[in-house]
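As structure tokens, one chain now follows by itself in the form predicted on its own.
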């Protein structure tokens, strides 16, 4: 899918000016190969010693959700974050997006500190979560139109781009006018992805974006994610329970366990590590079990994940 809109045209503030954005070099790739991340200037995402605690009661000790996590992601990368339920994946995404505040450490997005330069960061990122919120009585088109207004986008251009994205994700004209509450969970998730992509973010945070989608829809979304990275110079952070998806999309993968980063490498590197150091098969499932102490099937059963799209 092609579009005449650029990230710069979508992130103007109310005064018509842009924050000091990085100049992102184009990402090129041969067919069937992953693009190499760009290493010029500051990284797309820099996390240093991030810690987040939650107070759960006056007489109870705080729960540490993220503990001393450090991570560097270069521009143009698709970086996966894997971990069992309760490992801290979603908390990490919420910290990066500014929905939660850090207790310790710092996070920078393209050189912008998420605390001191909050508005600059918010114009560069967008997020898709597994529990996306909508105006349920409104249609996909109306929800996307509202999002476009929040970002100061031209209404006509945004409407055209919304139709293109929704159609690319398999939502035709008939469904665009149907209230969100009448759609399946899988279709709602597609709308959430479209809403995030509407603003052409150059850092896209995807928190289990294909949960609830049938195999065909998953593939559509995965292909679209790759297109967004190559055509719009986006950097993507992806959490997922789908190990096939992680291996296909991610250049590097970090493993979280009990809020700590316990391993990081390319998919091939992680598989080689568990084979060499633990005598396990060279599979991502073996990686998951080795570093989280759980099987993926047990973790999915606890989550209640299903592919129930219509």
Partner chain sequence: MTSATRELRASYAFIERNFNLTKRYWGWEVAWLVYSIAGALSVTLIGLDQGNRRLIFSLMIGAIFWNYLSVVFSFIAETIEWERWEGTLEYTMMAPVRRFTQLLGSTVYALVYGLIHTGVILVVLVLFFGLDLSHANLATAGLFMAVGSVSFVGIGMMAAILPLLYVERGAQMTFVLQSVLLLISGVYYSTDVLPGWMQLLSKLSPATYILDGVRKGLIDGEPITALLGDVWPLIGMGIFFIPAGIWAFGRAERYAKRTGKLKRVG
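Treat the numbers as computed from the prediction; the structure is a model and nothing was measured. Residue numbers count along the first chain shown, from 1. Rigid core: the largest C-alpha set superposing within 1.5 Å between the two forms.
Same protein, other form: the form predicted together with its partner chain, not shown, and the subject of what follows.
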94, 232, 72, 106: which sits within 4.5 Å of its partner chain in the model of the complex by any heavy atom?
94
Partner-contacting position among 153, 228, 187, 236 - heavy atom within 4.5 Å of its partner chain in the model of the complex:
153
Please identify, from 163-171, 211-219, 73-81, 114-122, the stretch that has a heavy atom within 4.5 Å of its partner chain in the model of the complex.
114-122
Its partner chain contact at residue 89 in the model of the complex, heavy atom, 4.5 Å:
no
Wondering, does residue 200 line up within 4.5 Å of its partner chain in the model of the complex on heavy atoms?
no
Is it the case that residue 139, even though its partner is missing from this view, gets within 4.5 Å of its partner chain in the model of the complex, heavy atoms only?
yes
Residue-level contact is defined here as any heavy atom of the residue lying within 4.5 Å of its partner chain in the model of the complex; does residue 134 satisfy this criterion?
yes
Quick one: name the residues from 170-196 with any non-hydrogen atom within 4.5 angstroms of its partner chain in the model of the complex.
177, 179, 195
Core-superposed C-alpha of residue 57 shifting 2 Å or more between the shown form and the other one:
yes
